[in-house]
Every structure is written in structure tokens, then in C-alpha cells.
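Single chain ahead, written as C-alpha cells, the form predicted alone.
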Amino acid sequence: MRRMRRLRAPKIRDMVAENSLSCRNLVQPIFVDERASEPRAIDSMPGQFRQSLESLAAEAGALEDLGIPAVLLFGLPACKDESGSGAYDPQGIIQKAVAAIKENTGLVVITDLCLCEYTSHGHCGLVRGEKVLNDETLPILGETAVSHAAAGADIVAPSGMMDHMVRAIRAALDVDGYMDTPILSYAAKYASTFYGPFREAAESGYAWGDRKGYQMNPANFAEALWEVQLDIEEGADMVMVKPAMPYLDVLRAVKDMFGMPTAAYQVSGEYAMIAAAAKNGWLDERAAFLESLTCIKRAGADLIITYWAKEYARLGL
């Protein structure tokens, strides 16, 4: 008679585990604030900080020493304007941050490529009245990608969900000689309430409306597969599902259907829920984040962008 519990005994349980999580699967997001002179705590994300340019190298070095292979950078500029010009300024905050990290570490540097942190209205593209303009935004995304690559970014990650953004970015990179710079596309990015703490962290809240006109409807599944296929056809080298835990079904389908290197972003709200519940004594923080990361890996993620990356690495697992 088969007894499933035979393989759940101590030590044997780990030997027959179907999925294995390690530091090499993890990417640590970092917020870099051009106005800061020292790290600043993010209230809605306990344990997370906005780094200054002065503190960034030390933070990146600490991550490298722990075995984290990569970081994903978000910039907070000193000034914003209607066109988000700080995003593509060669002397912008992200461009300086990339150079600082590459000068001091061997980390893989991924740059978030969106305008929402840089525009005065907080939307991910140029606007006319209260309409976000798709095609007019594409050249700016291309210019931004080139400026990131010129600063030394290893991977650019467009997140604005503009139609044909990958094609525009690939063309711009190729024309300027950055044919070898990969694109990690936020291909299936949902209009999620779980982004709330991020908007505080990155100061990327919008002045009017919402982002439902360009981010995906949480009710839709097949649409995610169309989005991913389009981005692959236009030149994406890796694709992402965001958020992670509420969309594990989408993540599994994307990995199974396309077989591409696939990332999942365990977003700020997912992090904040665990941190807040642990603070109130409602669950075990370590057990909860380990379980959540393992589930994301099991669902098909090759890379997991997570605010728990540093804490995971400290466990030495």
C-alpha cells in the first residue's frame, strides 16, 4: 500500500523536493532618491529604504556579499515635469546610480524603464488633457533605454504597458549599438491594488484617473498570453508577470506556453501584508516569506523580484 507520508520524514522531505529556491533566483529592488543624503525608511514597507547616491554603493556591495546576483533600480528625481525628462537625462538619478553600482560591484543591474516616477502627473506616458498617449510616448522610452544602456545597465525593463513599447525600445537600442542589451518586459502587468506601498516608496501616485487604461484587467487570463506573445515577437528576451502571488495561474501558463526566461514580481503590497501581519503577531514572518517565494518558484518563475531577497540571503539557505 502506498503511503505518501513516507517521503515526508525529516531530511527525506528535502531530498525529494520538486523545486529548489536559491539566491540566484532573486532580484532585490532598490529605490534611489536624488534628494536624499542618507537612507530614508519607507513607512508602508517596514525594513525597506530609499537609498541616497552616497549610500547606494555600500548597499549594493552588501547585497553582492550576501550572494544576491542582481538589483532592479527605481529612481526618484529631484524635479519632475510633464514629459518626464529626468528619465532620459544622461545625468539623471538612475544613470548615476547605474554607474555607481557598476563601478563598485559586479552585480547585474536591471533598470525599470517607465515615466511614472518622473512625470508631474504620475502617469506612465505623455498626456494630452487626461488622456495617456501611447505612440507619442514610445520614442521617449527608446531614448530612456539608450541612456540606461550607455550608463552601464545590463538589462532594461520597460514597465509602462504601452502598446509596442518593446519594439520601439529594441529598435532604439540596436540603432545606438546596444544590440546585446537584453529587454525584460513587464509583459503581463495587472492594474492591481497591491501596488499601493510602491506608490509611496517611488512617489509615483497619479494626479488624476487611474492606470486601468493601460494596465491589465485582473479578470483576464487569455489577454496576458496575448501580451506576452506580442512582446516576445517584438524582441523581449525575458518576460514578467506582475504581481506574483495573485497571478500564479498566469505565471504557470506563461512559462508552459512560451518557455522563455520568466520573472515574477512579488510587489510592495505582497511584502507589506506579510510584514504587517508579522508585526501584529498574526503569522511567522520568516515562514511566510519563504513559503510565498517557494510558491512563486513552483509556479514557474526563473527570477523573482522581491523585497525579501536580502532577508532570504541572510538566512544562508
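Counting begins at 1, following the sequence as shown. The structure presented is a predicted model; accordingly, all values stated were derived computationally and were not measured.
Although not depicted, the form predicted in complex with a small molecule is the subject of the following passage.
- Judged against the small molecule in the model of the complex with a 4.5 angstroms heavy atom cut-off, the residues 124, 159 and 267 are in contact without exception.
- A residue is said to contact a partner when one of its heavy atoms sits within 4.5 Å of a partner heavy atom; residue 178 fails this definition for the small molecule in the model of the complex, lying far away.
- Interface membership of residue 308, defined by any non-hydrogen atom within 4.5 Å of the small molecule in the model of the complex, is ruled out.
- Not displayed here, the small molecule is approached by residue 194 to within 4.5 Å at the level of heavy atoms in the model of the complex.
- At a distance threshold of 4.5 angstroms between non-hydrogen atoms, residue 112 is in contact with the small molecule in the model of the complex.
- Note on contacts: among 167, 211, 102, 80, the single residue with a heavy atom within 4.5 Å of the small molecule in the model of the complex is 211.
- Checking 118, 198, 247, 88 for any heavy atom within 4.5 Å of the small molecule in the model of the complex turns up a single hit: 198.
- Comparing 93-101, 224-232, 183-191, 138-146 against the small molecule in the model of the complex, the single stretch with non-hydrogen atoms within 4.5 angstroms of it is 183-191.
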